[in-house]
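There is one chain below, alone, in structure tokens, taken in the form predicted on its own.
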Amino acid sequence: MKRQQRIFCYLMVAPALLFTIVLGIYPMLASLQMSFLEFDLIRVREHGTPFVGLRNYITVMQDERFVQTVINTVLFTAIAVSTVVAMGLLFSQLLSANFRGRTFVRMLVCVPWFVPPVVAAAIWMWLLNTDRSPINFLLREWGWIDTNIKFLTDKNTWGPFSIPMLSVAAVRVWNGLPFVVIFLLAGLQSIPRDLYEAAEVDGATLLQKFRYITLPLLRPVLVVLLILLTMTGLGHFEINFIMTGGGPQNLTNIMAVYSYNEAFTFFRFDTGSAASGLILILTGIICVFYIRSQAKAVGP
């Protein structure tokens, strides 16, 4: 009987496992293999694909554009993750309270989750267009600006920061906020209400309850959330590629966009695969911390 149950479980998992192998694991391994070959699509008929070891990785890491994309990726991830977690904490606290219309507001917060990132990027490209942006129109009407803000094309920088980088990060935050809110709401539901009631009896303020009850008890949830968001941030692609293509002047170029351009714009599948291999290494390191945190949570 137990054997039949195990076979049934394996059969139920088999389709998902097959899709994962075909669409995830196999392309990843093929890309890693390609990163150790010379695979210039323009010259492949003449020179073939000889093994070159780590040469592609050295070439990529010596490329100034790639070094800039690494900085941009870290900056983009830090801005997006810190902002979305802060906003998620605020919204989850508000949505956990009892008030009329709470279900409708929760549904409204989840709306960005139903919009595919590609569609969201196209919509925000129009909203942030320099000449046709309704945001610029409102800001001019209110007298806050005299000239249109170049949300996606401004080349001015303040150290590592720029308006295009902040703009695409804001779109990423908008698109990822529902996931964070739902994640944190689930964590808040697990906190006993008795603790808040006892704190109210002792005269604790909202800020004190948040600091001494909510944050400590949400810590395991926040650790997992931060790790997941950092992993997805390092490998993010759609919004930056569609909205700016990595421009202007490489200001919003991130590692995944660099990898794509190397492979499908310059036809250098070898250096593109090497760049994606470096993304895999970075996310793999973070994944180790995630697995360790989960193992500690489960216990022996």
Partner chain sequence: MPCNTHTCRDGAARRHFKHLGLATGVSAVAIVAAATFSPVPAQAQKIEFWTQHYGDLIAWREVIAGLVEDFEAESGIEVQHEIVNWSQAFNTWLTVAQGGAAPDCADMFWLHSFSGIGGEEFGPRPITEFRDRWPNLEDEFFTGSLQDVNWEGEFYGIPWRVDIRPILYRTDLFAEAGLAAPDTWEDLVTASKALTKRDGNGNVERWGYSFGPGNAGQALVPYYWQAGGDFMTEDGSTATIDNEAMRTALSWMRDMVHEHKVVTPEFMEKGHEPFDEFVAGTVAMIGSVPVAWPARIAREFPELEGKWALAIAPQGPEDRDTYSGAGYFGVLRGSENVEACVQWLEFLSRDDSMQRLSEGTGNVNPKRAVMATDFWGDTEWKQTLTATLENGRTSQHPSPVWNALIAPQPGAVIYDMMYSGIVEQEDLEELLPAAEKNMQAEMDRAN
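Positions refer to the first chain, counted from 1. Values in this document were obtained by computation on a predicted structure and should not be read as measured data.
Another form, the form predicted in complex with its partner chain, is not on view; read the next lines as being about it.
By the 4.5 Å heavy atom rule, the three marked residues 82, 211 and 289 all fail to count as contacting its partner chain in the predicted complex. Within this chain, residue 245 lines the site of its partner chain in the predicted complex, having a heavy atom no more than 4.5 Å away. Contact annotation for residue 265: at least one heavy atom lies within 4.5 Å of its partner chain in the predicted complex. A residue is said to contact a partner when one of its heavy atoms sits within 4.5 Å of a partner heavy atom; residue 31 fails this definition for its partner chain in the predicted complex, lying far away.
Using a 4.5 angstroms threshold between heavy atoms, residue 241 counts as touching its partner chain in the predicted complex. The stretch from 66-74, 228-236, 49-57, 33-41 that comes within 4.5 Å of its partner chain in the predicted complex, counting heavy atoms only, is 33-41.
In the predicted complex, 125, 129, 130, 131, 132 are the residues of 113-133 with at least one heavy atom within 4.5 Å of its partner chain, listed from first to last.
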